[in-house]
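Before any questions on binding or motion, here is one chain by itself as structure tokens, the form predicted on its own.
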Amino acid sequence: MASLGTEMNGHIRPRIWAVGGGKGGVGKTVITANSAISLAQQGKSCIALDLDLGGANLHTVLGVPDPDRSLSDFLRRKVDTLSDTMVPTPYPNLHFISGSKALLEIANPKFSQKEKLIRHINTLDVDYVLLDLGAGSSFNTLDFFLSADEGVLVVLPEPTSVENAYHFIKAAFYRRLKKATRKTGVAEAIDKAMEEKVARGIQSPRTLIKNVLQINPEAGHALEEEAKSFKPNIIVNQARKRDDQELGNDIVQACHDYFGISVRNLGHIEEDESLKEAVRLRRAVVDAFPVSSFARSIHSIVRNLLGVRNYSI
């Protein structure tokens, strides 16, 4: 199968989109499901993978009965490959991998299990894999988010959600920068800068990197490269008024000023009653109500992620 991903050890790997949220209830599962269906409707082969291992319910939004196979079967070596856990969905081109039967210990996988899962995700023979991540910013959630080609953070126009979104971005950013500390001299340069934090006027990650550049240019450039490679995306969900719609741009500016990173605003999704009706019907909004404002917003967001501006669905 021809894939749109990157070649990896002779295999064309899929493009991976990870959808997270700083807190629960922001709508990431619904957005993951509908985005996967939007891609499938364009003829892209997709897998929606439920990594909300503590409270998996992606199958309900997709209209799939609770599957007999799940990630537990793969992580406990009951099956040989991750693709053995795939089940069909009602939507052509779209398959599903469930986390709904994950045992308690699987909800917090060991480092080796997490790394194994990431490796096998990259071997799936499809165009796109969409990861529905658990809420919060645990190391496992952050690592899945950072392993994706596109990390998407869903935020509501509410103070607690915005605060948690910033916390998630900060935690993911520092997790990304930690990769640079494995290089010689980086950790030492950071320690030296932080020892002189007040005198150097270090008040943000951006000014930290600037000072590390002065202390040790090679270490500073290593941090800069990791910072530049961190480009999360933002979706504002359940927007009700003009200020809500502008929230994404506000977050983009704040992250640029504080972290010195480029965050992309994918757009907003207006509050839409068709969502509740679709959930009641156990159908996706883009399928049950294809001309609703929610469905139109999902298609627009997918276009933005694809980088395609002019096509119709």
Partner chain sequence: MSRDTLGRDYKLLDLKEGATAQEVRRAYHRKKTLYSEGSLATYSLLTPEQREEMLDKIERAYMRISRDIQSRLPTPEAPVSPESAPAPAPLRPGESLGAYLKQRREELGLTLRDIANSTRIRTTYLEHIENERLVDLPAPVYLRGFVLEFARVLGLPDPESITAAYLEMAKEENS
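Numbering follows the first chain given and starts at 1. This structure is a prediction, so every number in the text was calculated from the model and none was measured.
The form predicted together with the partner chain exists for this protein as well; it is not shown, and the discussion that follows is about that form.
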F230: touches the partner chain in the model of the complex, heavy atom cutoff 4.5 angstroms: no
Any non-hydrogen atom of V162 within 4.5 angstroms of the partner chain in the model of the complex: yes
Considering only heavy atoms, tell me if H256 and the partner chain come within 4.5 Å of each other in the model of the complex. yes
In the model of the complex, does E218 come within 4.5 Å of the partner chain, counting heavy atoms only? no
Taking 4.5 angstroms as the heavy atom distance cut-off, pick the stretch from 44-52, 61-69, 266-274, 245-253 that is near the partner chain in the model of the complex. 245-253
Exactly one of D84, D149, E225, E158 has a non-hydrogen atom within 4.5 Å of the partner chain in the model of the complex; which residue is it? E158
Consider the chain as shown here, without its partner, and state which of Y166, F74, F173, Y91 has a heavy atom within 4.5 Å of the partner chain in the model of the complex. Y166
